[in-house]
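As a starting point, one isolated chain is supplied in structure tokens, in the form predicted alone.
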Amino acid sequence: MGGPGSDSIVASSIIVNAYAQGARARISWDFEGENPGLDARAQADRTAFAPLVETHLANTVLTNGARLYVDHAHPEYSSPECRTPLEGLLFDVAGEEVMRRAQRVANETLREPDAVMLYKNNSDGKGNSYGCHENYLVRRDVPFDDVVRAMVAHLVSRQIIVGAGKVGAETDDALASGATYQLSQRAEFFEEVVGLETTMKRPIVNTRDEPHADVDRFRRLHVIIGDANMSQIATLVKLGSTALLLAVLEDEGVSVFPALPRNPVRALRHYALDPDLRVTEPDEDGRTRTAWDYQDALWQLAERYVARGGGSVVSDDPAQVHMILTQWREMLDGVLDDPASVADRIDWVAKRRLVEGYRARYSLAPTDARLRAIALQYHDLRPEKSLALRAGLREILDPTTVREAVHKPPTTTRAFFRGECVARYPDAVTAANWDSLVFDLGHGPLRRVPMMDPRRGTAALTQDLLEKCETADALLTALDG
């Protein structure tokens, strides 16, 4: 992003504050209980540094249950909790619209040289990377070592269908490889298999043990390795495939999963450098596998699980689970046999086609700076500038539904209660976080309402109550009763 004086923190704050003012969202984030230093490993790495909790930067809570804030040096939208992958996709795309609206409001007050530009991507071309994080609710009784053992192969290999694509390289190792195009924007920045940190020594599996829920029942798998997708179907498959495999782990255990790559970090990087999907890496059983081999095995594992009656934990709608499996399969087969057939779904394929077309037209070298500009323009959030919107990507969400999700929370999680309270009682809700709301009624002490189960606080459980309570006073009295 760009902005006033090229100061990214100032520009990010302008974006967050512009949206908060335009949406009249002035509810602060409650940092009570925030502890990113909790480590899921029995023997934590005492040399690791947890991310700092920056309480002084711009931060607000939206009526759709989301959080909008400045994270280090970029604006970040954290979607509300969602019940299904399709719902997760909806609120991810709603986040794009939130950012567009914030950008328009901010730039109305800035002169052209200082206009803020926003890109939904994962690196700045100068060696700085920022993630598109995913979070999955997992039962606490699943050992964390089993989570690592089951998920590493998927997180390393899924870039062949959900990678966002990248021209060139930024890190020393990737530059030394002579890379001209990578499947993933994030892969070259990862250095560890397991770890707590998120901005240096990045791990494939992050150990942050901060469930934002009842710690005795739940853990949160905090996935930092994903690319930011412009393709709606890629986002759906990224969320859906990962959720399905975690459901397999919970119900069938770790023994059904394929063997890990012997060197997962090397495999992640080597797979990213191979658009032809031919590179193999040895696994712990002595076999060699391509990234496609891993994804094929994992798809079959998920497909058998659903055929045996699993999948409802991911979505109660069998059609949604079928769509995830079908798209996952079609993307896998297409990316290997006929990449052009899935250019409407796989970002790295769509972007590469644009880049190669421009390169051929102007006879450019593979590392020409103009090609990097094309790759960046793919992620531009301005509709009139975004190349992703011109790439023929398939859309599955209704634009009206997306616009509604900008303001309205999902009905299927505790985000409904949070978002509705923010909308109905804006003067009484003084702060919020994922697992509680803080009310200031203007008399007596502040009142905290805990929400320790993400699956409660739904419309089915709270809508009637909220409609009966015209004031926050009435709501808290009813809750006390």
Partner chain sequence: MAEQERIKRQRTERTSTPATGEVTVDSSKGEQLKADLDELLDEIDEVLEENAEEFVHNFVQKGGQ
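Quick caveat, the model's predicted, so the values are computed rather than measured. Residue numbers count along the first chain shown, from 1.
There is another form of this protein, the form predicted in complex with its partner chain, and it is not shown here; the text below is about that form.
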280, 107, 377, 180: which sits within 4.5 Å of its partner chain in the model of the complex by any heavy atom? 377
Tell me, which of 148, 228, 343, 249 has a heavy atom within 4.5 angstroms of its partner chain in the model of the complex? 343
Consider residue 21 of the chain shown here, and say whether it contacts its partner chain in the model of the complex, taking contact as heavy atoms within 4.5 Å. no
Residue 369 near its partner chain in the model of the complex, any heavy atom under 4.5 Å? yes
Look up in the model of the complex whether residue 417 has a non-hydrogen atom within 4.5 angstroms of its partner chain, and give yes or no. yes
Under a 4.5 Å heavy atom criterion, is residue 171 part of the interface with its partner chain in the model of the complex? no
Which of 349 to 357, 262 to 270, 135 to 143, 299 to 307 has heavy atoms within 4.5 Å of its partner chain in the model of the complex? 349 to 357
In the model of the complex, which residues of 388 to 422 put a heavy atom within 4.5 Å of its partner chain? 390, 391, 392, 393, 394, 396, 397, 398, 401, 411, 412, 417
